[in-house]
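Only one chain is shown below, in structure tokens, and it's the form predicted alone.
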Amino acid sequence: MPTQSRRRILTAAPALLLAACKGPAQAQPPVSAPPLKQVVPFPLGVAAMTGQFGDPQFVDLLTRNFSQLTPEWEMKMEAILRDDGAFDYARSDAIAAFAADHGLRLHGHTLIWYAQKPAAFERIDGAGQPFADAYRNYILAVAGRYRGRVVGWDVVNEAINEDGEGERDCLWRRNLGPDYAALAFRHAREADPDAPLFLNDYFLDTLPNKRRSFLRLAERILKSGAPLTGLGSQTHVSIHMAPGAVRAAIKDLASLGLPIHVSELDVSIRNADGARGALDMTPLAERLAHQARVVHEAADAFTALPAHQRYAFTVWGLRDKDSWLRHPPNAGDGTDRPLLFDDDGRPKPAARALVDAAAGR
């Protein structure tokens, strides 16, 4: 594991001062950071859910620091499509309204995901044209409803196998063939002529072979003439990332010339040998310094892209306690601290690292 000295503390106004965390053995160094969206030269996004909007601290922290919002769950098919085939837009409309009311860009997530097995589609599994018609109708309905309200869509999410070897088997592929992804992009463009349309996946930074498979799929979609116009790298990583790995991934993805979205960034500090392995007992301050190093690398590599390729840089959650990594079944024992702000909404060294990278420091 690489080592890194603690990032220097900056105290210039209008910084938010972070006090030490509880317990001397696990004290977090005080850190300051200005409102993040004011100092980064690209849209800065965060994932959220409507249940969090009743927390005034959450809303204040989000709106002061971020300029873009991704629905963590409430624009996915499982939130919108009921078992009887009817559409329920209550939650997706609420998150769209929140974004509009607070002047936030809204990124749509996601139209087609390999893990979806909705009852309304399973009833017509193998039905041929009726399945194809329902697929098109769903994309047209959802993307069309938010036309002009979203600034982009994750059209196809996580199409590549976990190990990077080829493409996932899924309900969509079994019924529509290997070109189901290209078909989704065509339908999405039919519904929304203007929004950037993204192919999104994870482990593109940790598994070079998966990145190659992802780029091959992107090239195949483009060669088919389908309107793929952006690439999303989720960037769910850990403090044990080899230096340079995230930078290499962003550079490779940018080689196609499309806009890039760092779409779901978090940096786990919990485990020494994998998501469910032994706990890392390194002192907290050291782990947070390593986390800052990874965030700095990602933000620095993203900042180095041409302006037309910097779609957005999105963090997958606001405060540590909001992270999916703090909740079952994702090693949810409450010990991970993967985000830019701590449980109390105070900036961490990772937040300062983002500011420094965006400023070229």
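Just so it is clear, the model here is predicted, and its values are computed rather than measured. When you see a residue number, it is the position in the sequence shown, counting from 1.
Quick note: we don't show the form predicted together with a small molecule, though the next part is all about it.
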- Task: Have a look at Glu72, Glu167, Asp252, Asp280 for me and say which one sits with a heavy atom within 4.5 Å of the small molecule in the model of the complex.
- Result: Glu72
- Query: What is the one choice in Arg186, His236, Arg287, Lys210 with a heavy atom within 4.5 Å of the small molecule in the model of the complex?
  - Reply: His236
- Message: When the small molecule is placed as it is in the model of the complex, are Lys76, His109 and Asn157 each within 4.5 Å of it, taking any non-hydrogen atom of the residue?
- Response: yes
- Exercise: Trp316 in contact with the small molecule in the model of the complex, heavy atom 4.5 Å: yes
- Query: Is there a heavy atom of Trp113 lying 4.5 Å or less from a heavy atom of the small molecule in the model of the complex?
  - Reply: yes
- Do Phe42 and the small molecule share at least one heavy atom pair within 4.5 Å in the model of the complex? no
- Query: in the model of the complex, which of 316 to 324, 55 to 63, 294 to 302, 34 to 42 comes within 4.5 Å of the small molecule (heavy atoms)?
  - Reply: 316 to 324
